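Coming up is one lone chain in structure tokens, specifically the form predicted on its own.
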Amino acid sequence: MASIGLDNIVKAYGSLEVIHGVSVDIEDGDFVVLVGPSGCGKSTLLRMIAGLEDITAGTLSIGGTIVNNLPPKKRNIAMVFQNYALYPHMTVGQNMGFSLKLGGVPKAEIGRKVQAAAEVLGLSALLDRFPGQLSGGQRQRVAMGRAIVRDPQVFLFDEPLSNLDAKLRVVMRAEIKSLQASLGTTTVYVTHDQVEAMTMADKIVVMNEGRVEQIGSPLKLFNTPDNVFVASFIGSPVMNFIPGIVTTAGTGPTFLSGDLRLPLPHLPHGVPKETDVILGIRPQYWRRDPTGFEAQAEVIEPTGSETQLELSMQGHRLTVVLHEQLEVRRGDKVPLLPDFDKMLFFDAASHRRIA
């Protein structure tokens, strides 16, 4: 187990720079998730930690030791890939112990470590089977077992659940999180799925176009995103954004956007008057109220305990999640009130959060 330090890491392919001075501190035992859209640089960053990609500039340390020039086998890390990378002609037990065999570990010691890892992962009855005889979830467990037997300082996961169906992904992410908590091994996990990031991480690193947009706990990123990108990427369904201005003319503080006039209980601290802003409010922070604003239902998606609606309100398209079963048809009017305390305001020019 070890801490990881990334200090102003840069990656370039010739004149093309793809990672732009990334700095992240990962504490011993942390479960850190790198998340972002495809092509944002998260897998490249993970491969640099693993030693599979050279670092153009900056310093990478593991356990306090600078490892920029160390080959992967000397970094004491274990990586679990998206495609499992199991040898089809080897049994489960042979796959799990293969790296130890290459390292010259005695056969009895290999057997002991493989058996111990198999018990943790529920694979004891499958050690003599071949990968082709296993389900996707079982093959993923074998790939994890192969990493565990090495007793590494760091686990690296590169989108390990993307090949599994939705139901199995839910099961496996809980198992990975539980396993990491019991082993206490520092873990860096890459995914483009923000739900995986929110449910698994101690700390999330949100990346975009080779840069870090924000680092923080799942709830910090959900409640206080630094900018529009983070606000739109973290949270499902996506936050509603309405461009407009805040004015104090007339009866009191009001948010104006076209025909929409939204009276505010108070002037948001830090929001300049009569200046272009973007109002952000999550779909979950609306409620039905007879005194609310009238919206017309366009798309209705009942999910059981909740009802997700796509609505039009004074020329604006909104997504709303109501925590109730609701009998609504397309074209029906629904009176809605936002939770004013949950509103966020972003500068229209910079997209940075100002309140």
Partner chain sequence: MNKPGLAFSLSQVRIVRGVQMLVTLILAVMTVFPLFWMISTAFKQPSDVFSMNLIPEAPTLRNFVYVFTEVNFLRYLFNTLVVSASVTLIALLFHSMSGYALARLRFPGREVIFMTMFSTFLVSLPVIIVPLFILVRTLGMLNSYAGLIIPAIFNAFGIFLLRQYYLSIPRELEEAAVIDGAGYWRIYWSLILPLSRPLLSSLAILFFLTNWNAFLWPLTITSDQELWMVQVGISAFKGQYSASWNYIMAASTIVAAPTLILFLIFQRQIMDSIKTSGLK
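Residue numbers count along the first chain shown, from 1. Quantities reported herein were computed from a predicted structural model and do not represent experimental measurements.
A second form of this protein, the form predicted together with the partner chain, is not displayed here; the remarks below concern that form.
Participant: Using a 4.5 angstroms cut-off on non-hydrogen atoms, would residue 57 count as touching the partner chain in the predicted bound form?
Facilitator: So residue 57 does not count as contacting the partner chain.
Participant: Is residue 106 a contact residue for the partner chain in the predicted bound form, using a 4.5 Å heavy atom cut-off?
Facilitator: Residue 106: no, not in contact with the partner chain in the predicted bound form.
Participant: Classify residue 73 as contacting or not contacting the partner chain in the predicted bound form by the rule of any non-hydrogen atom within 4.5 angstroms, answering yes or no.
Facilitator: Yes.
Participant: Give a yes or no for residue 83: in the predicted bound form, does one of its heavy atoms lie within 4.5 Å of a heavy atom belonging to the partner chain?
Facilitator: Residue 83 belongs to the contact set for the partner chain.
Participant: Of 115-123, 93-101, 244-252, 164-172, which is the one stretch near the partner chain in the predicted bound form, taking non-hydrogen atoms within 4.5 angstroms as near?
Facilitator: Correct option: 93-101.
Participant: Consider the chain as shown here, without its partner, and state which of 79, 277, 190, 201 has a heavy atom within 4.5 Å of the partner chain in the predicted bound form.
Facilitator: It is 79 that has a heavy atom within 4.5 Å of the partner.
Participant: Considering the partner chain in the predicted bound form, which of 220, 89, 211, 273 comes within 4.5 Å of it through any heavy atom?
Facilitator: Exactly one residue meets the criterion: 89.
Participant: Quick one: name the residues from 133-160 with any non-hydrogen atom within 4.5 angstroms of the partner chain in the predicted bound form.
Facilitator: Read in sequence order, the residues that approach the partner chain (within 4.5 Å, in the predicted bound form) are 146, 150.
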